[in-house]
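What follows are structure tokens for two forms of the same protein chain, given separately as structure 1 and structure 2.
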Structure 1
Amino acid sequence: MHTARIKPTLESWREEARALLVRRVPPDAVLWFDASDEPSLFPAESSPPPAAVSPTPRVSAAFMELARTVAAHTDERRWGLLYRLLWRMTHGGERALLNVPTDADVRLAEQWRQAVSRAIHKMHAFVRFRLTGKDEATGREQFVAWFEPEHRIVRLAAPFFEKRFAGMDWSILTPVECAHWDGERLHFTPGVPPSAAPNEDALEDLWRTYFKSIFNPARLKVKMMQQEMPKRYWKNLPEAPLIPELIAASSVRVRTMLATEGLEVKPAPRNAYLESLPRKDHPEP
């Protein structure tokens, strides 16, 4: 059995996988571990002598794209799954494997890809910046956000923020990795504790006012809301604490509306524009 202990990045996996493939090590002979995990009970093992050496195989761009996303998933089996797919395509005679969406391995990779894509999308949606100051020299506003992503997605999610918020300085702090933009360069630093984040922004009251007012109490669909905005994100959303009271008050608000007596029609005021509207004939088109 071969043990591959790698840094949890696509690059490390790729290097290791390439070496294993060249030596024709089959997938069920490899155990994959993140180097950041606790040291395993098994002793570290030097690479086995090559059984046979084959030229470096080539794979499709579609597979590398899939691998890039799946690598960000936190399931510990992801490296093994990616290597098994790779093996089947290069040594197993299943060149077109990725075109078989019902294959169990392909399907699992696809599900993890979707989970990571969804986590990236939710990060784009639920990061909330707080204004922390202004750079005196450049005049650029500075914003900082605290976010707790699902999966290791900071690097995959960051380019979106660069494109969208090019004109301001910003940092997104997370427990695993932080992203920063200064107008010139996107760069990454190690994770920080939540205490490093700013804790209030004056605009949040206005945002909560908006959230409260745009809600229609006559059409409560709490399950739908929670499906799209899972509770795990709530603690970092300034508007989320309002949700329970909005739900609780809605039935009284609806009852009041239903019990209100209908209002009489008010005649049109004198207005040149209203009088200019043709009122008589409304031909059906």
Structure 2
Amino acid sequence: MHTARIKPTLESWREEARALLVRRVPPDAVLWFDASDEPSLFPAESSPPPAAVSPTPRVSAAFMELARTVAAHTDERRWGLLYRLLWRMTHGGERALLNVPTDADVRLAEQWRQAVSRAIHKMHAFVRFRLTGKDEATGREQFVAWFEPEHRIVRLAAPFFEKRFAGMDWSILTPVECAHWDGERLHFTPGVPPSAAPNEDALEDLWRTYFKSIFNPARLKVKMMQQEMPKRYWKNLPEAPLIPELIAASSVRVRTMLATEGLEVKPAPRNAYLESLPRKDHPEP
């Protein structure tokens, strides 16, 4: 039995898997461990057991894309699953394996990919930056956010923030890994405890005021809201303390809205520029 102790990254798994594949070490002869885990009862081997050596097989871009997402899942079986899929598609001759959704390995990999994709979506939605200062040299504002992702998704989610908040310096701190953007370079550092993150800033009062103003009690669906905004994320959302109060007051607010007469619709103010534009229903001669 070969013990493969790797860093919990796709790159580390890929390097080890390639070496095992070349030596034709079957999946059921490999035990996979994250190097960050507690020491194993099984010491790591410096090299796989002797076996026939074969050229490095090539795999599809679709598999690498699947592996990139599945590698971010926290289930400790993910490395073994990915290697088993890799083995079957190469030495096993099942090159179209990913096109068989009923296969147990493919189905599990897809379930984990969907779980990771959902976690990325939640991170994009629920990261809340706090203003911590301004860089005197560049004049750029600096923001820090604390987030507790369900999976190891920081590297997969960070490009979204790089593109959306390119004009400010920011750091997203998590227990597993942290992402940092300085206007030129996106880089990553090890995870930190919650105490490393700021608790609150002056902008949060503005954000809570805005959230309260856009809350529409007539469209409230509590179960749907909690499905889209799971309570596990509430502790890091500055607007979350308002939610119970807004829900409790929603019925009264709806009745008040229904009892209030509608306001008279006023015509839009005249605008010389808009009036100068040709209208589709009255084209110029």
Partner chain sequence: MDLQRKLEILADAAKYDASCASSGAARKDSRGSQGVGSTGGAGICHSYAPDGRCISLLKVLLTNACLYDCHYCINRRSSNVQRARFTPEEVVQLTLDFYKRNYIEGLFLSSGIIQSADHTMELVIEVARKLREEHLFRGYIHLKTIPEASPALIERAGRYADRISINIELPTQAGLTRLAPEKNLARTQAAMGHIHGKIEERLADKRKPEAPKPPPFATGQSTQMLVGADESTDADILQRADALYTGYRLRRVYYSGFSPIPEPSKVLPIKPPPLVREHRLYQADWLLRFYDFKVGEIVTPDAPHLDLALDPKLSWALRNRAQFPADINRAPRETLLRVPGLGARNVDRILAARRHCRLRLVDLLRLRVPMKKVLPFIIAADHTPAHLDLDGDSLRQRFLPPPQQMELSLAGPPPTAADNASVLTGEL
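The model shown is predicted, which means the values in this text are computed figures rather than measured ones. Residue numbering: sequential along structure 1, first residue numbered 1. C-alpha atoms forming the largest set that superposes within 1.5 Å between two forms make up the rigid core.
Visitor: So which is the form predicted in complex with its partner chain here, 1 or 2?
Guide: Looking at both, the form predicted in complex with its partner chain is number 1.
Visitor: Does the C-alpha of N236 move 2 Å or more between structures 1 and 2 once the rigid core is lined up?
Guide: No, shifts by less than 2 Å.
Visitor: Rigid core fitted, is the C-alpha displacement of K212 between structures 1 and 2 2 Å or more?
Guide: It does, since the K212 C-alpha is displaced 2 Å or more between structures 1 and 2 after the core fit.
Visitor: Determine, after fitting the two forms on their core, whether S250 shows a C-alpha shift of 2 Å or more between structures 1 and 2.
Guide: Comparing the forms between structures 1 and 2, which are aligned on their rigid core, S250 does shift its C-alpha by 2 Å or more.
Visitor: Once the two forms are fitted on their rigid core, how many angstrom does the CA of A259 move between structures 1 and 2?
Guide: It moves 7.9 Å at the C-alpha.
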